[in-house]
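What follows is one chain in structure tokens, specifically the form predicted alone.
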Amino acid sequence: MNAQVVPGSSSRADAQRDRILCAALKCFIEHGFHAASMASIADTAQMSAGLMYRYFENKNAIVLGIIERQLEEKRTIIRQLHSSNDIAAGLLTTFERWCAADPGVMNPALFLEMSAEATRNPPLAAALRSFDAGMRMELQAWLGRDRELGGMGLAPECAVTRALSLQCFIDGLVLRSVRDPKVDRAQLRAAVHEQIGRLTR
């Protein structure tokens, strides 16, 4: 990622980077990816632009930082899964957080905007491909892990295709939260459990 080395303790540097990333997310959600400037991000983070540039050289680097942080969070969640009910419940909870614009999760409209921007931005496209590949590998590892170890016990070749199918299903839920946030919750719950059940057995 294109972040510059900052003198001082790593814990302080990490805290400053996180502060900038949180501010950037807020600006991107409120104003859109293109309208949010480095100056507005610095204002939201309550720091000087000069200090912010010590951590991120441009807006692209900030976006890559956001993607990197999201990937690590998703990896942690997947590694904690122990059953198909875990992921179904997790997806339903996350769907509600997407619809409520919960700042603790990636804003789905922003994610779609970033995906569109990636068609014109090679570094962003590469970062999103890396994110997808990382997520798929974690899902594949979980699906193929023995049930006694908290996995689904699928054969390796089956785990590969099911991981991709599961990823496509999750992407569809992201889009659904934007297009149809008032979707019937009973139908959604039944659909999620049905699809997850099919993909994990």
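All residue numbers are counted from 1 along the displayed sequence. Computed from a predicted model, the values in this text were never measured in an experiment. Take the two forms, superpose them, and find the largest set of C-alpha atoms that agree within 1.5 Å; that set is the rigid core.
Below: the form predicted together with the DNA, not depicted.
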Is residue 64 part of the interface with the DNA in the model of the complex - any heavy atom within 4.5 Å? no
For residue 51, is any heavy atom within 4.5 Å of the DNA in the model of the complex, or not? yes
So, residue 12 and the DNA: in the model of the complex, are they within 4.5 Å at any heavy atom pair? yes
Does any part of residue 47 reach within 4.5 Å of the DNA in the model of the complex? Heavy atoms only, please. yes
Can you say which of 135-143, 172-180, 33-41, 150-158 gets within 4.5 Å of the DNA in the model of the complex, counting heavy atoms only? 33-41
At 4.5 Å by heavy atoms, is each residue in 16, 55 and 58 next to the DNA in the model of the complex? yes
Would the C-alpha of residue 61 be classed as shifted by 2 Å or more between the shown form and the other one after rigid-core alignment? yes
Does residue 27 shift between the shown form and the other one by 2 angstroms or more at the C-alpha, the core having been superposed? yes
Determine whether the C-alpha of residue 159 shifts by 2 Å or more between the shown form and the other one once the rigid core is superposed. no
